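This document opens with one chain alone, in structure tokens, the form predicted on its own.
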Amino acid sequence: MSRYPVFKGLLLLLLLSIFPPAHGQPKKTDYFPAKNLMEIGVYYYPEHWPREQWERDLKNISKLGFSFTHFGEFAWALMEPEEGKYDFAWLDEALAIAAKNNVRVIMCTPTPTPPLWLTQKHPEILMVDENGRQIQHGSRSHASWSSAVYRQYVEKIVNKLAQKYGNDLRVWGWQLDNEPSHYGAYDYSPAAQANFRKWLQTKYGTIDELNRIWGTVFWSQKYQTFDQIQIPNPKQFVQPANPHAMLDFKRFSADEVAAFLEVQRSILRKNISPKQWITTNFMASHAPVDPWRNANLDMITYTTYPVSGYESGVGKQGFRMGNPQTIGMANALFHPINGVSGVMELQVGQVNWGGLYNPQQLPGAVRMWLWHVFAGGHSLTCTYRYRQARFGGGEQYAIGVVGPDGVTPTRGGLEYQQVIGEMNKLKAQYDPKAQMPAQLAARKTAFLWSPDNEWEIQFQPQTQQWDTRGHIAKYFNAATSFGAPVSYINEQTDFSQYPVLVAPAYELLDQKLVEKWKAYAEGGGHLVLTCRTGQKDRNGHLWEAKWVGVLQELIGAEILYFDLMPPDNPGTIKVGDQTYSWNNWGDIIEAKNGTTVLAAYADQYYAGKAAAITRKLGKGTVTYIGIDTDDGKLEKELLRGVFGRAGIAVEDYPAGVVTGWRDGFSVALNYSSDMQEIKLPDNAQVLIGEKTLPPAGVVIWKMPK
């Protein structure tokens, strides 16, 4: 992560992550006993339905097996219909009915939807978009995280909720806001502008230092005071904006949402029972948010809708099941943050938004997703929503557990009910002493992740073919096809926990990180670096040295330059007798003595130069892969070689087959469009399903003691 000063709110966040919680506060893992495996719940909106139907609906939620529900994230106008006048009577009644039916409640702060009286009285709290237009009231997530006025009103409603329900143990836990992300939009409001200037002054101290780091002598951009600085808005430039200003604005925006959530978290924690936990539900795509900035939450949850017309998946029916990396990569990112995690919104049926189309899910797909979440180690899963809404066009076609009549289960709802029953079967087989099998522990693979790299590359991709997340996904998919447990980690993590560490396109770094990588390899770890890594320092400056000279000693080679090919005229690379095509990115490498060439260019004027190399370093190895291809086959074979040379046995699962292990249970899923045969150990005890998996099939087994 980048190193720079932060606001007081984020300093508080850091201190809370370093020092232990107050006496009597449970450990984060205490909130979710391991023997419960994964709790399953469903959203319910009592304010959307006649009161006389609440009893029927919540009773049916319990009858279907859901152990918890979720109230209030969009209900500010009902909680505070007029400024300073609060009405919780309806919420009390709904909470009582839920408790009567043994359904616990996650209570939400309603901050994504300020009431009309607030936006009319204080229109300055509204976001301003990149075109200079103030966002209208009437949707959600349209208030500025930076507005001091908005934060004052947020503090008031959160305090009221905390005082009202903070010691009411019918409330199981709390959710802050809803999908805090502005859905990929950025705020250009006067409040954001003012806070950005303060953030810059805190970070740089003097305007001269900012001018130095931003390189404002380029194109005569020099500033005399911080008050002269505007948020860099690409829509307002004839030529590209200053890349260092752009990177800082992305960092600032992530800090703003983290501080906005921290204000709410700190109010709740001061007022609520230690038995109640606090989370928020980040979008699985996470931009413009960095979930690590809120690692002090009791748990992290995320939202995902695998089939909404964006992904073609694997095979002809893949569009009905989604891409396995959608849940897989989110699991790998969110669970390691503090070891307690969940999915707050997991799709139950067709949605009201998405890509080019909204298809029906393949029968069994919803069940498969639930078991994929389970395999990711999560403590809870919730679905949006119980009843399909009869009004409100924004999500009117979002299918629920039951239809708009309130009683008829949908196909996805029945699959939730099925998994709840299957989960109860697993609970009876839970063994608290279960240990990860040795062959899996030997394959544990970490992906080093920092949003700074994505933000930096996003602004200067160098080719329209570059896709940072797609690049990472090629290695992620390869590792999971080997049966490797994968985790995303940050630079503060102990690397030695993982036999293999991949740092894909890790563009921004410093000498300290290089030394940590070196120590990791010398201690026996197997480090994999990929193209674009180390091209710039933390400020986004090119090194005042040979190209990527900071890595030369570590990798045992010199990266001479890079090439980019047109998509209709790819280059070729040789790995032994195999030939591969490439076009997205190619680092041309000069290997030094003691470094082995794994792949070499077979054409172009630099034919014979290395494209991928490896070397031994201490007890471990360092491998550099300078290529990005379209299909990822080359990357997969090179990564397989890393495991092979390390003596780590791997599997070879076909595309679409996903495996996982947790709490003594092994899981295999089939996202492909074809039947798949899963090779199980001879003495495996199959608990759910069969080893022959149809599309969207699931098999779960355990090994006898």
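Values in this document were obtained by computation on a predicted structure and should not be read as measured data. When you see a residue number, it is the position in the sequence shown, counting from 1.
FYI, the form predicted together with beta-D-galactopyranose isn't displayed, but the following is about it.
With the partner left out here, beta-D-galactopyranose still marks one of 96-104, 564-572, 346-354, 601-609 in the predicted complex; by a 4.5 Å heavy atom cut-off that stretch is 346-354. The closest heavy atom approach of Tyr186 to beta-D-galactopyranose in the predicted complex falls outside 4.5 Å. In the predicted complex, at least one heavy atom of Glu395 sits within 4.5 Å of beta-D-galactopyranose. beta-D-galactopyranose is not drawn, but in the predicted complex it has a heavy atom within 4.5 Å of Phe74.
The shortest heavy atom separation between Glu262 and beta-D-galactopyranose in the predicted complex exceeds 4.5 Å. Residue-level contacts in the predicted complex: of Tyr305, Trp199, Trp145, Phe447, one residue has a heavy atom within 4.5 Å of beta-D-galactopyranose, and it is Tyr305. This chain is displayed alone, yet in the predicted complex one of Tyr384, Phe334, Trp371, Tyr416 has a heavy atom within 4.5 Å of beta-D-galactopyranose; that residue is Tyr384. In sequence order, Asn178, Glu179, Tyr183 are the residues of 172-189 having a heavy atom within 4.5 Å of beta-D-galactopyranose in the predicted complex; the partner itself is omitted from this view.
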